[in-house]
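Okay, here we've got a single chain as structure tokens, the form predicted on its own, with questions on binding and movement later.
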Amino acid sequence: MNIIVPIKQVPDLVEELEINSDGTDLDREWLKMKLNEFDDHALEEALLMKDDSGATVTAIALDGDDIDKALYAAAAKGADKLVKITGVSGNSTHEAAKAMANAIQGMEYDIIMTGVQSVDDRDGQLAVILAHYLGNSHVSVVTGMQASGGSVTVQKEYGAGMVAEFEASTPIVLGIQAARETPRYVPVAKVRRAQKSSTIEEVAAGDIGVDAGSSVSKMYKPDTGAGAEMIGGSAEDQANKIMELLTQKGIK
């Protein structure tokens, strides 16, 4: 079985984020990037299937800042093949899906596992759009799966804690919400060894002209409010103060 896992780098949200001068994107000059959490889960699920059944895992990514490091980290974790798609600019999900589809069409695969969303994704639809361009079946928000022969059984999560089970034939695109196990940690030393022993294959994005998607017209930080008012005193004093404030606001 051949599994392809698209991965991407996203801004590390623990960092202090700043907006660029024209107000349409983050200031990326000193921005720290990290592997998208959901892509990490997709990669882990693929590697678990490799451990279980000897599947071949290919990590694929669009060219960008620090993406080589992310691909080598995937190799250090156990990915068998690394592919980088060149000639892509911007971060439109539709363009990314088209570029991915162009590259993947020349590969042998049974399952494509991508993260269900990312922190910098405006629509969270990479998996379904990729499936559309490839003409494959698709299931997203996957929290569990089993593969046998030419079919897969997947558990899809819905709201209110509901889970549905689907059986589908391959090839298929899956949007992974969570892997069966916590994504494995890989030490820096192992990543460095992977840099010396692994090769990143480069593939041109091809024609990615798409007539859909969205663009950012303005980004800004929320206005700072006046802050919270702390109410002290006894429980009775606090209750009376709350009633007074509610009355002032016309709430009865």
Partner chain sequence: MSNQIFVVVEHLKGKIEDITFEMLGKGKEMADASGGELVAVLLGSGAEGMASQLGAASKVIYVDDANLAEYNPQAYCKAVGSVVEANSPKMVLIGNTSMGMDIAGGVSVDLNIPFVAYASGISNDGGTITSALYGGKMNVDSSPSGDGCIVSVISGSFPADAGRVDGSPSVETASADLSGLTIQFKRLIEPEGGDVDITQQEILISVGRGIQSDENLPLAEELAAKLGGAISCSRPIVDSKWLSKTRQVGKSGLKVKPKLYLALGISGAPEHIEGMKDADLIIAVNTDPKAPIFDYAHYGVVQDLFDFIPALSGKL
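Here the rigid core means the biggest group of C-alpha atoms that line up within 1.5 Å when the two forms are laid on top of each other. Everything numeric here is computed off the predicted structure, so don't read it as measured data. Residue numbers count along the first chain shown, from 1.
The same protein has a further form, the form predicted together with the partner chain, not shown here; the description that follows concerns it.
- Shown alone, this chain has one stretch from 67-75, 99-107, 80-88, 117-125 that lies within 4.5 Å of the partner chain in the predicted complex by heavy atoms: 117-125.
- For the chain shown alone, S21 is not a contact residue for the partner chain in the predicted complex, no non-hydrogen atom being within 4.5 angstroms.
- At a distance threshold of 4.5 angstroms between non-hydrogen atoms, S217 is in contact with the partner chain in the predicted complex.
- In the predicted complex, no heavy atom of K196 sits within 4.5 Å of the partner chain.
- The closest heavy atom approach of V203 to the partner chain in the predicted complex falls outside 4.5 Å.
- Residues from 166-202 that approach the partner chain in the predicted complex with a non-hydrogen atom closer than or equal to 4.5 Å are F166, E167, A168, S169, I172, Q177, A178, R180, E181, T182, in the order they occur in the chain.
- Once the rigid core is overlaid between this form and the one not shown, L13 does not reach a Cα shift of 2 Å, moving by less than that.
- After superposition on the rigid core, the Cα of G23 moves by less than 2 Å between this form and the one not shown.
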